[in-house]
Each structure stands twice: as C-alpha cells, then as structure tokens.
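Below sits a lone chain in structure tokens, taken as the form predicted alone.
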Amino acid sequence: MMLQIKPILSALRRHKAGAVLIALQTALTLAIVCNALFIIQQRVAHLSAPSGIDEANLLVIENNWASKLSKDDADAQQRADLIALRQLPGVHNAIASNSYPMRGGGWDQFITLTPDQTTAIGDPAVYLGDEHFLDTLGVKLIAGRNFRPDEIHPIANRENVMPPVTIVTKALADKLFPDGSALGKSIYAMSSTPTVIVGIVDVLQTQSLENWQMRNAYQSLIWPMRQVGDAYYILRAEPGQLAAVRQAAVKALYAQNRMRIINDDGVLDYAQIRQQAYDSDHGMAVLMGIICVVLLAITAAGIVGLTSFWVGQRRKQIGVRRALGATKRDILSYFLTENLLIGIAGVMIGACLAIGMNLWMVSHFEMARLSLMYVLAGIVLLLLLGQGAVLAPAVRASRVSPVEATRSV
C-alpha cells in the first residue's frame, strides 16, 4: 500500500476539485453526525431519568375553584376532599400539593446556610405536602423522620410563609452539607426564619426538565404545608386499580362540591405526564437520527459517484497497468487506498469542526461537552462508510482486462 501512495497523491493533485469536495463532505458529515449522536444520547438518557416516585400507580387531578374562596373555606373544603378521596375503593393514599415531578415548571427557592448569606448554595424545587406526601408519591425516606400532623399548616396561593421544619432530598443534603449529615441542621430560604432539616429522602425529581435545570434535577425540598385553593390532588392507587380510581375520583370531587373546574386534560396518569414532559426530547432524538442517516447516505452516494467517475476516466490507465502485470488486487487496493487518504483528510478536518461546533453549542445552548469517544466513533464510522462505498466501483475497476486496454490504447 505504501508503494501506491506516491502515485495516488500525484493522481489526486490532478483531480483536486473532486478530492477536496469529498474530503469536505466527509468533514461536515463527521462534525454534524458526532454532535447529533451526542445529542441523541443526551436526550435518551434524559428520557429514562428516574423520578423516585411510584409512577405506575399515581394519578394527578388539577382542581381549580370556579369562584374565589376564603382561606378557611378553601382549607375546610380541601380537607373534606382528601377524606373523600382516601376513602375511595382502590385508593392507597392522597394529598394536595402545589406541584408534582415532571410537571414542567413550578416553585423553586434559593437556599443559604446563614440568613445574611448573599450567594445561594442551591436552587431546589419546592413541594408542599402533609404527612401523607411521602407515602402517596412512594418516595423513600432514608434518614430522619416524616412530618408530624401538628407540623402541617395550610397555605394560600402565593402566601409567603417559611416552615420551621423541612425534608430534603439526598442530592440537596449532600450539596448543602458535603462534610456531614444534614439532619438537624438549619437552612434559610430567602428569609431570616431558619428551617430545620428533619428528614432526608432518596430520590425526588424536580418539576422542571429544562436543560439549565439538569444540574439541580434531584434537589428538592418538601415543606409541611397543604396548598389550599387551586391545587393538584395526587392519588396513589393500589396496584392494578389506577383506571378505576381515575373514573371514581373526579365523581367523588364533584360530589363534594360542584363549584370546581376539572378539565379533561387536567386528569393525568404518569404515562401521560412523562410523555408530555419528554415529548420535545423524543422529537429531537428522532430528528437528529434522521439527519444522521440522510447525511451518511449523501456522503456514501458522493463517494460512489466520484469513484465511479474516476474509474470511467482512468479506464485506459487501469488497462495499461493490468497489461504491465498489475493484479486485480493491486487495482482494488489502489482505489481503496485513494479513498482512505481522502477520508483521513476529511475526518481530521471533521474532528476539529465537531469539537468547535460543540463548544459553540455549549456556550449558546448550555449543552454538555462532547465526549471524545463520539469523535473517535464517528471517525471510524466515516472511514468504514467510505471504504464500503468505494468497494463496488473499485471492484468494477479491478475487472478491466489487459485485452481491453490493448484495444483501447
């Protein structure tokens, strides 16, 4: 192969335009495919991110009141609603909360370790719930204790009240107190009132799934409060009873009070919530996959077309070489080596483009940095694709007979 490189380079210098075109096409394809595959991997990993809750048996009902209720009336009505929901056949437990994991957005709160600290240590999601919160969502308590009934207080929408105790996720506890246990420690939430950590739960995903929130994806606070007024009722059904609970729950709520608004799209199980939450990720992964396939097909077609053109142009040259003793293998090796040299030039340029493109996206779209494994895998893929694409025209060239050369020279 080494002996053929010099004449190949001489031949390529006479066909600069075609060689440069294929090299640039390979480079551009490598840059786009590497970043596209990386985005697909990120999106797929995003799709399968654990929530820490019993998704298979949870139902969320968005309850809005048709008229404004006083805090006391709303609290009394909510207590009656929860009693009715918990008594339904097939219901394991029920709560009222301000939000739920994967909702798409919600309340988050800057956290500091001292009241006069000006730089927040964390920006966790805030969930409101009573002593039934952990059991209803199926969240695992790994340290400390649950809320006591006497610690639960009602809170109206947008009311600013700091609770004396809180439960945090392990991810948040580790961030706030990396050198020791967070239990019993006080934190501050943009207030001079301390909040003592009384419990730590294992995993509880936040409401927002935006890329900028991914570093805080499992940093959550649970405050011992029931949001009265407009709120989300979250029900945990016994295994296999979710469909029956779905039908009975809305009827039970209207039986309690008809002056409420529950839309059809306001009653969701977690299969629907997860689908809505990750719809853009799924769409992006499919789009990136289609782009990769199209680009690879165009690149392969370009290599086949150019090599076929060169074979036609060099037919006499090939025949002469065959007449002078070159074997079919020599001709085949010549075209494979020629394409490999063009491919290597293309992937070297493409690797630089891929890294540069990723750095630009990191700075503009808060994406993660591209792993070099994707670049290496892309290089191997493009080189194999090039060798596969050139194989058919190269084999056709190797079959040019010396007799044909003698006739045509």
Partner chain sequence: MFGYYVQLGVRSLGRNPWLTALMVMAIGFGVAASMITYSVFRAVSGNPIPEKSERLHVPQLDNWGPQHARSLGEPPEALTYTDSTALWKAHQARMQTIFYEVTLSVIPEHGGGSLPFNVSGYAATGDFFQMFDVPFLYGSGWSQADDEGHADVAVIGRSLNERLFQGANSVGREINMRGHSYRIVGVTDQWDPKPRYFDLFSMFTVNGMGDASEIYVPFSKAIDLKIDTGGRNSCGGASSLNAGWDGWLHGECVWISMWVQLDTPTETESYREYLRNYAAQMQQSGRFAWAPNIRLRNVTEWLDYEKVVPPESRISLIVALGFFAICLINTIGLLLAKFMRRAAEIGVRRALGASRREVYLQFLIEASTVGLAGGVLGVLLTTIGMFGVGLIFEPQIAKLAHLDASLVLLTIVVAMAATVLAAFYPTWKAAQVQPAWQLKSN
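Everything numeric here is computed off the predicted structure, so don't read it as measured data. Basically, rigid core = biggest C-alpha set you can superpose within 1.5 Å across the two forms. Residue numbers count along the first chain shown, from 1.
What follows is about the form predicted in complex with the partner chain, which we do not show.
Using a 4.5 angstroms threshold between heavy atoms, I39 counts as touching the partner chain in the model of the complex. Although the partner is absent here, G302 is a contact residue: one of its heavy atoms lies within 4.5 angstroms of the partner chain in the model of the complex. Although the partner is absent from this view, A323 stays clear of the partner chain in the model of the complex, with no non-hydrogen atom inside 4.5 angstroms.
G240 falls outside the set of residues with a heavy atom inside 4.5 Å of the partner chain in the model of the complex. The single contact residue among A271, A76, L287, I142, judged by any heavy atom lying within 4.5 Å of the partner chain in the model of the complex, is L287.
When the partner chain is considered in the model of the complex, only one residue from L372, A66, L359, A56 comes within 4.5 Å through any heavy atom, namely A66. Residues placing heavy atoms within 4.5 Å of the partner chain in the model of the complex fall in a single listed stretch, namely 186-194, out of 87-95, 218-226, 186-194, 334-342. Residues are counted as partner-facing when one of their heavy atoms sits within 4.5 Å of the partner chain in the model of the complex; in 9-29 these are A17, G18, L21, L24, Q25, L28, T29, in sequence order.
When the rigid core is held fixed, the Cα atom of L47 travels 2 angstroms or more between this form and the one not shown. Once the rigid core is used as the reference frame, the Cα position of T327 differs between this form and the one not shown by less than 2 Å.
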